[in-house]
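What follows are structure tokens for two forms of the same protein chain, given separately as structure 1 and structure 2.
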Structure 1
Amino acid sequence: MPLAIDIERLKQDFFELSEIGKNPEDRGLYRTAFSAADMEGRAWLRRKLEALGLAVRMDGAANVFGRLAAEDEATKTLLVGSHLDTVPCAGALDGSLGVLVALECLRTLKERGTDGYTRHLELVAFSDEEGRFGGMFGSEAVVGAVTPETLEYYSDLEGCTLAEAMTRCGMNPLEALDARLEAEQIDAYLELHIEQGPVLDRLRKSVGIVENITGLFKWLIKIRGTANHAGTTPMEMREDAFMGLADFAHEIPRILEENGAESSRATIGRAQILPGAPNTVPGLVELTIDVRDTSKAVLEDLGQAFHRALSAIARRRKLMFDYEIQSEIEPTECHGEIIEVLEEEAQSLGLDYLKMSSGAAHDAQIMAQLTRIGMIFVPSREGKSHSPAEWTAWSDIEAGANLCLRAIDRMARSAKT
């Protein structure tokens, strides 16, 4: 019988975990990081891992690990997992699916036996990927990017700091500084995740093999004009900040065509028009632009082109503008050897797969600072995520989980390095 996961067991785990933090009213999950429901989810996972006979631990950043050791203690570890925390009113798959697939893979491999493995296998469920406190906290702690300042700097929308939230969960926040793992201990990090976009669903592909994760920059732009009476101010005497925004938005397709690549995205997601009265010409507009690409050089070109467009519009319309860079993340490559393993295994399973970029950020991106990374995507029905409408067909989940299983099995047998 070929090596395969048991989809019924995976479903069973999924339905159990999906009840933790569920709001009966909107059917959404509320397992935001370090909430009671989040900690309950972690406790549930620990019980599952313990029942499986794995060596279980939770580090100082609340990352949960379950270890299936190889015989040779001198070997490196292959980490497999994702995150358990959710956005408010979340779907049940984002993050959780990657953890549950890792659990089912380790269960399947433990039952089958791991003779000949040259790697320890370790499941990891990272904490605060979604960003109640900034995001990627668990993986950042593992790569050693967390400092005491991190713990005090980040706070949630209610003003509760990360350190306070951890303390309320009975943790000592400073122990997050001990969560760091050493690069020489780790062989690779593999993560299965829902795509959170429409590409696989539209193309009817079962799985995606991620080649790279887009980098991004996010600017908060202010365009200043002069607020004036909408009736008494002739069109040619206006310094209309909103029209500056409209011009800028209109340049996006041209800038992407001229300076971008196929993977480029640019989004104006937030815009505030002030003073915001129907009969007043807007005097100030605050907007964000979120720009993504898989190439650092392309991102730089796009940044320059957006800056030039703002300058030209401001001159033409007699406006002022400035912007602050709110975030900047470099693009990340998945490791060529892991992409190769995933492709070969997808072919041997007869899967209809797509090599693609990830437009969303993932723990894998952080883990790339420490080790080789690989990612498997499964389709998001209609591209929906961060919503109770988030869904993936069980057949696609099964396909993705088996690809993950085969890749783990093969990577665990690699020659020792």
Structure 2
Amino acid sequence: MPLAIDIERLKQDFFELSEIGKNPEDRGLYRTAFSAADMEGRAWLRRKLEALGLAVRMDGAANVFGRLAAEDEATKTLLVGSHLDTVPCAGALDGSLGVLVALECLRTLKERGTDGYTRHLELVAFSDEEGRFGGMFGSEAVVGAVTPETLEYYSDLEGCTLAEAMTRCGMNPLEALDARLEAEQIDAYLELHIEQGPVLDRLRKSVGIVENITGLFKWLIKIRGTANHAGTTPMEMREDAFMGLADFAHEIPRILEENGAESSRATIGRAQILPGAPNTVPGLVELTIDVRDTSKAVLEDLGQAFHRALSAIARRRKLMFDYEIQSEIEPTECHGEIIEVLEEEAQSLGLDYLKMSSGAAHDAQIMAQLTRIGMIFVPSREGKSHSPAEWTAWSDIEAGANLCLRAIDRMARSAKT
């Protein structure tokens, strides 16, 4: 009988988990990192893993692990998973689907038996992938990128620090510093995720095999002018911070065209005008810009171009500006051997697949600092994500899960891949 997951069992897990943190009014999930709902979701997963008879633990960064040991002698582990936390008013698939598929794959393989495996299998559900505190905290802890300063100075939009949030959950924040894994322990990391974009859906492809993951930088920019009376200050005498923002926003398409590439993206996602009175010329504008590309060189060019644009605008408008780098993630290549395994297994399953880039950041690119990585995408209906409208057809979920299962089985048997 062909090796395959039980889609009905996966559905049951999905429906149970999707109730945790759900708001009955807008139907969105509110399972933000280190909230009560987030910790409830982690407790739910631990119960599922314990019922399966796996070795279960939660490290000091709140990452949950479930280990299926190989029956034969093995020295390395194949990690499979994603994250359970959500943005506010989220859908039920982002991150969670990858964890649920990993759970079902390990359940299926345990039932079948792991005789002949040269790798242990371990599910991982990372914490705070969605960046409530500015980064991908769980996977960053695993690769050893977390410091005491991270815990004390990273804060959310309400000013709550990471250490404070962890303490409220009954955790000792400093224990996150012990979450690091060593490279020699890990053979590879595999993650299934919804695409969060429209490409697979529009092309009617069952799955995507990710070749590379975008890098990004996020800046908090402050443009400073002079607040003044809207009626008495002549237009030519103004130092209007908002006009600086307007000019900068208008420059984005030109900069992308001249300095970017086809995969380049730039977004002003938030702007605040101060003092914010209808009859006052704005004296300060604070804005964020999110810039992404799959090439490190292109990202560097874009950063320089945006800086030059801000300088020119400030001179022309008699303004001042400064910016703070909120986050930087380098572009990441998925491992060629894992891509080859996924392609061959997709072909053997008769799947209509697409090799593609990821425009969103994922735990996988943080894990690339530690080990080989691979990613599987399943289509997002109409490209919608970070919304209760987020959805993927069960037939596509089943196709992606079976591809993940077959890849895990093959990689766990091979000393090379």
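Note that the structure is a prediction, hence the values are computed from the model and not measured. What we label the rigid core is the largest C-alpha set whose atoms superpose within 1.5 Å from one form to the other. Counting starts at 1 with the first residue of structure 1 and goes up one by one along its sequence.
Engineer: Two copies of the same chain, shown separately. Which of them is the form predicted alone?
Structural biologist: Structure 2, which is the form predicted alone, differs in this respect from structure 1.
Engineer: Cα of R112 displaced 2 Å or more between the two structures, core superposed?
Structural biologist: Not so; R112 is displaced by less than 2 Å.
Engineer: For a quick test of reading the superposition: does T161 move by 2 Å or more at the CA between the two structures, rigid core aligned?
Structural biologist: No, the C-alpha position differs by under 2 Å between the two structures.
Engineer: By what angle, rounded to whole degrees, does the smaller rigid part rotate against the larger between the two structures?
Structural biologist: The angle the smaller part turns through between the two structures is 14 degrees.
Engineer: What is the C-alpha shift for N279 between the two structures, rigid core superposed, to one decimal in Å?
Structural biologist: Its C-alpha shift, to one decimal, is 10.3 Å.
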